[in-house]
Structures are given as C-alpha cells and as structure tokens.
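Here are two versions of the same chain, shown separately as structure tokens and labelled structure 1 and structure 2.
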Structure 1
Amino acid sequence: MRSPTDAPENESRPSRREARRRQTRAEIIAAAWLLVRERGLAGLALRDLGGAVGMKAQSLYSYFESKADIYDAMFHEGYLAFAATIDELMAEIERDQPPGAEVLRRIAHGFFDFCTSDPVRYQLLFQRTIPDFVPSDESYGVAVASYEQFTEQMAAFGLTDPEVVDVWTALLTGLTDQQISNDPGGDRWARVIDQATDMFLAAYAPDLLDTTT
C-alpha cells in the first residue's frame, strides 16, 4: 500500500505524494467555490468542477468520496476562515482593554463583512438550505468551536447571559440577512450597523456606551 518513499502518516511532515494530493484537493475546492458563486450552491455539477481543474468528473472520486464530501470540505474550509476572522477580532479586543463600544461596533462590521462578502459561503455555513447535506463530525466540530469562541468574545464585554447572546446573534444575522436578500451588493443595512450596535449596548451594557457622542 505505502511506497518506500512515503513517510508514516502520523509524522508531522507529510509525504510528497500526500502533499501533492492535498494541494490538488485544495485546488478542487477553490474551483468549487468559484463555480458555486456563479451558479448557486445547489448548482454545483461534478462535470463542470472536473473541467475547471482539467480533469474528468470521474477523476474527482480519487480525491473525494462523493459530492457531499466536497460540500463538507467547503463547509470545513469556510468555518476555518470564520474562525480566523473571529481570531482577528479577538485580537482587537485584547488590544483595547477594557473593551469599549467602538470595539463591539468593529466586531459587528467584521461579522457583517465576512458574511456579505461571500453570500454563498454564508448560505452554506449558516443556513440549512442545501438538501441532504449534513456536515461530518470533524467539520461540525470546527463549527461548534467557532461558536464557543464567539460567546467568549461576548464574555469579554461582560455579556454572559445566554439570552442576551442570542439577541446579539439575532441582530447580527438579521442585518446580514437583510443585506444579502434585499440589497445585494449595496450598503443599506451596512449603514445601520453602528446604531443597531448602540441600541444593543444601551440595553445590555449601557456603561460601555460613551455618552459624549
């Protein structure tokens, strides 16, 4: 099964074959994102995807078990990107201790921009609209970890009540959703993020709100 030049799987440095395989997988996923942005999430066809990376559709099965497996890889990658975005925003919080209203506003913009910059990704990650797709345990784990990171963010502002966190997530996804659905490419709800954040702060953390402005 394993050629002499291959390193054992549990070693940190992957074999050259493994490395190339990974790269090809990444290429395929990248091409899938492009296609999906053009023809919609459900419109992904393996024929087109194969063509986009210069191989026949059947050859994709050397890299992925099924079409659902491809969606899962996209889901996984999407949540890694989401986690990275949260990390960046987390760094902003730590830079500004104790965190004030301006940081929460930037967090709101960060989430909003992440979502609206790629509506199809938003659809895959946050909505349950693609039929019969259930993320694998591993991918789901990344998703759960992201959410926990998110609640940690809120805790940094002293907001630990789960119901308050739910109001905050509802507010953020609502702004995002309206932007994507009713003003795609525009900024109608982007313009309203700051005052929505202040509305939230006024109700749940009024002491963080600078009353001078």
Structure 2
Amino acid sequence: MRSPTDAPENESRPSRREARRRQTRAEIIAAAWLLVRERGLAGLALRDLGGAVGMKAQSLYSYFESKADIYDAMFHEGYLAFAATIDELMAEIERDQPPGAEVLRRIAHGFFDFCTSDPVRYQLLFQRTIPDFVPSDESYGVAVASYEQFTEQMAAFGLTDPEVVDVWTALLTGLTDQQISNDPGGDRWARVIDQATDMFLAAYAPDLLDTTT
C-alpha cells in the first residue's frame, strides 16, 4: 500500500515528463530557427536539425509528427511574438496618447521593424514560402486574432472599408519587401514610412492629418 507521502512525487512524474518534453520541443524549434536563418526556410533538413539537438533525425518524430508540424510550431511561435510586439506597441501608444496620424505612423514602423528584424520569420508568417504548408487551426487562429486586432485599430479611425484595409496592408508589406530585398540591413525604405503613411491618410482619412501637431 502506498503511503500518503508517496502521492505528490508519483503524481508529479507525468508533469515533470511533460515539462521535459516541452523543453525538448522548444530546443528543437530554437534549433530550427537557427538553421533556417542560415539556409532559408526551404533548407530545413531533419538530419541537420536532429544533429543540432543531439539526436537522430527519426527521433524528432517523437516530438513532431512531420517537418510540416515543425514549421507549424515555428509559425505559431512567430505569431505569438508578433502579437506580443504589437501589444507592447499599443500600450506605449495608449500611454503617450499621440494624435491619430502619429498612431498609424508608429504602427507602420512597429510592423516594419518586426518584419525586417527577422526576414526568415517574416517569410514564414506573411508569405507562402513553403510549398503546400498550411498552418494548423490552432496556429492559424493566432494569426487571425492578430489580424482582427489590426482591423480594430483601423476601425478606431473610421477606416472600415475592406479595400482600404487591403491598401494599408499592401503598403506595409510592400515597404517591408523592398527593404528586405533591396537594402537588407539598411534603412532606405524605413526613411519613407512616415511619408507613405501620410499619403495613405491624405487619400483615405485626411482629417487625421489635420489633427497632427
């Protein structure tokens, strides 16, 4: 018969096992990021990934069902990082209470800086770089929540027309793509973010420009 003092230790074993499993998964994901930043998203090889974490390639299947599952975990982690960045940015904006045009300028800079700080992550989150990769419902849900937060921010300024929102997203991703493709590590397109934002506002919300001091 088990003594009462044995219960906490025995019952904690599954949670310790699960904690180790989560830690190993996190180590695999971190190693995957290092590899794709070196070789590109399509260059992720399970043999190299296994070697990076001290296990054989087939052992990775104890933690992920497939290479697509690893990409999915990276996608999920990337969008969580994006959501955290935007939450921090919006907290700063709420604290500073800048005029409307400056809010959108800051949002534009925040998106641009997040994306250009890690081009490979940007490709995974916002482009279709991996053929046939489709994020899981759970991971895609994080992406949808981020987009809904984004549209709520636009709606706060009366910008609710879906086509106007599409123009804004095209503007931001266009500036980002140009920077990553044509001036990696530089600031050529970063320097025109404010001008591009003001052009957008002049076309769709000129009243916001009138309130800028």
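What you see is a predicted model, and the numbers here were worked out from it, not measured in a lab. Rigid core here is just the name for the largest C-alpha set that superposes within 1.5 Å across the two forms. All residue numbers here follow the sequence of structure 1, with the first residue given the number 1.
Enquirer: Please match the form predicted in complex with the DNA to structure 1 or structure 2.
Expert: Structure 1, not 2.
Enquirer: Taking the rigid core as reference, does Gln97 move its C-alpha 2 Å or further between structures 1 and 2?
Expert: Gln97: C-alpha displaced by 2 Å or more between structures 1 and 2.
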